[in-house]
Ligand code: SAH
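Okay, so here's just one chain, in structure tokens, the form predicted alone.
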Amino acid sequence: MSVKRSLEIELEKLEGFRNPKLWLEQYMTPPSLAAELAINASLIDNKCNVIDLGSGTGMLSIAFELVGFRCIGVEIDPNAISIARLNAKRVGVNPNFVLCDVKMLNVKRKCMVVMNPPFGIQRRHADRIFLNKAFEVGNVIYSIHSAGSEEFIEKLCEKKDFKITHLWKYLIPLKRTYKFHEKEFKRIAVEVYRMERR
């Protein structure tokens, strides 16, 4: 069995949002995507401290911990943090989950940032809040965005003195999360960016 598949199996044990909040665009990152992202990061970057902005129920924080990084998950929803802590215990890791609005986060040393920010469908430009904070606190950023974001991300990188080093494109299964969703699963196209401070 591949390392990626083993990691994916562990991540499939994690619980998602019990009462997802639409205004926060709470969707669980698929285990397959979280596993791919964590393994790619472990092959490219040295094991270091990672901040997961908008960590939700802990999928990315836990994936990164399972491959050897030390993670802090930053989340505004206390219910999500409770689930994230249970999820971490379930698979035997211990990321530090912090209740905090991403805008208010203050970090003394630059670190690696990982995130699956809101795509800005419910609140226009919601992803910019996360990106601006990532550019402020990170030296390296891994970020998931809706397909077609490349021009927008490139412009922001240029403005913030970052460069895109990697771009991966995926078609991911999005589970039915809200009552208005008609199908159990919907496949959506996403882009994962690795950005680095110049």
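Everything numeric here is computed off the predicted structure, so don't read it as measured data. A residue's number is simply how far along the shown sequence it sits, counting from 1.
We do not show the form predicted together with ligand SAH, though everything after this point is about it.
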Answer range among 50-58, 134-142, 159-167, 63-71 for contact with ligand SAH, defined in the predicted complex as heavy atoms within 4.5 Å: 50-58
Candidate site S32, P173 and F185: all three near ligand SAH in the predicted complex by heavy atom within 4.5 Å: no
Of C111, I83, C100, V91, the one that lies within 4.5 Å of ligand SAH in the predicted complex (heavy atoms): C100
L24 within 4.5 Å of ligand SAH in the predicted complex, heavy atoms: yes
4.5 Å heavy atom contact, M28 and ligand SAH in the predicted complex: yes
Within 4.5 Å of ligand SAH in the predicted complex: residues from 68-85 (heavy atom criterion): V74, E75, I76, D77
